[in-house]
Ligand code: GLU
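Given as structure tokens, the chain that follows is alone and in the form predicted alone.
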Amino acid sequence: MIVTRFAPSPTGLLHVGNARTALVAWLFARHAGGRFLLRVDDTDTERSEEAYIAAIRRDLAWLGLDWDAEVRQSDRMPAYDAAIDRLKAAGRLYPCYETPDELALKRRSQLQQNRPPIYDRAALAMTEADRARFEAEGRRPHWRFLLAHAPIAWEDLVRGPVRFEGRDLSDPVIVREDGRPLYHICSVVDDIALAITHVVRGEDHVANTAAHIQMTEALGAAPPAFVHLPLLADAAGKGLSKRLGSLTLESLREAAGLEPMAVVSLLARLGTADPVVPQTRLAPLVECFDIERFGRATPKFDPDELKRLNPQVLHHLDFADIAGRLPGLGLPDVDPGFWEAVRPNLTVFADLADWWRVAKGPVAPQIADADFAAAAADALPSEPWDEETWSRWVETVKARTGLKGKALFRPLRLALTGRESGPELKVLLPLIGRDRARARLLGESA
């Protein structure tokens, strides 16, 4: 069974780049009938917040992504400690006593000599006396994983064959000076314990993967398969900054008022050659998902594309899809007929409230010719009204005033709705009703 996971750190709000990773991992698992897990990487106690964990859950649910199990790394410290002890006993971890300033100085020196900034393993040459001296000075060691200087290769499902040489990589720090485990060891231990078969993440983790493969093998397990997605760029081809608040899911939902399926429709196709088609359901995306469709080219995320998709998604939603959202707009009385009437004119869902006010008032009518408007009011037929009422009424007004075309239709729309454009008046007029229509034609706000 294919098992994937999404592993966000709760140190901020989910960004569209995070959301794309989660979506691809979810589609991968669901297409195969597998499992999708949520792993909260909350070992950074200084920056992790419960509010962000709640926001992650809320954002995933908004996109329609469910998960089969949730794991928090802060609950799994004994498992990490046990793995660290195993690696120490196997000679794959070694203590280092350099301070951050000393390490920074080494890196600068290497760069000035046009050498890669790889840790020089000076700590391996330390004697027991050296370590005792540092301990006496109050220094506490951080621990590095000893990479084998051997080839590390895997077949990435997006990047194809990937190969590193162990000697070209820096031994990663996996335990801090205060004894807390870091990302590398926690991620590897969890992927083993949760039986993750495919790790889906950004291409910024490719070098980490080389180290993770050796760690996994050192712990006696087989590495999972890897899927490294290219990072998103903006429309100009520059990398998206995670600090852009406008590109968090919360902002797209609340500030921009976008539909979740508009976001999903775009993110599910970015990085593939497939056209972006507005979807109202996840099921078609699950059915046709194919990881081989994703390429190595940098996909461009354009917020204007979301603005184009959003109305198209709305225009295909049935009343049943939106009925539960109506109380949030303060519109419990909206019925299927009203939704069908105004749906083609919506850009965002909140526009529905504007058209409800147009239909139910009060509206300040725009009247340029009071005599024409009064004649139109006198020609209003008796109720009940239906979609044929508009054409019958307009023919009567045309016969009485001699006006036709734009000269006839525009002043009627402005008087009835106060707007230059909108839903077809044949469907809007019955929603306005005779009393409101007459009042507006006579220049009264109603």
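Residue indices: 1-based, along the sequence shown. Keep in mind that what you see is a predicted model, and the values were worked out from it rather than measured.
FYI, the form predicted in complex with this ligand isn't displayed, but the following is about it.
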Exercise for the section: Establish, in the predicted bound form, whether 41, 201 and 205 all lie within 4.5 Å of this ligand, using non-hydrogen atoms for the distance. Expected result: yes
Exercise for the section: Could you confirm whether residue 187 comes within 4.5 Å of this ligand in the predicted bound form, counting heavy atoms only? Expected result: yes
Practice task
State yes or no: in the predicted bound form, is some non-hydrogen atom of residue 97 no more than 4.5 angstroms from a non-hydrogen atom of this ligand?
Solution key: no
Problem - Contact test in the predicted bound form: residue 7 vs this ligand, heavy atoms, 4.5 Å - result: yes
Handout entry: this ligand contact in the predicted bound form: residue 301, any heavy atom under 4.5 Å
Key = no
Completion exercise
Checked 355, 183, 119, 372 for heavy atoms within 4.5 Å of this ligand in the predicted bound form; positive is 183
Handout entry: Interface stretch in the predicted bound form with this ligand - options 62-70, 404-412, 390-398, 33-41, non-hydrogen atom within 4.5 Å
Key = 33-41
Exercise for the section: Residue by residue through 247-275, tell me which have a non-hydrogen atom within 4.5 angstroms of this ligand in the predicted bound form. Expected result: none
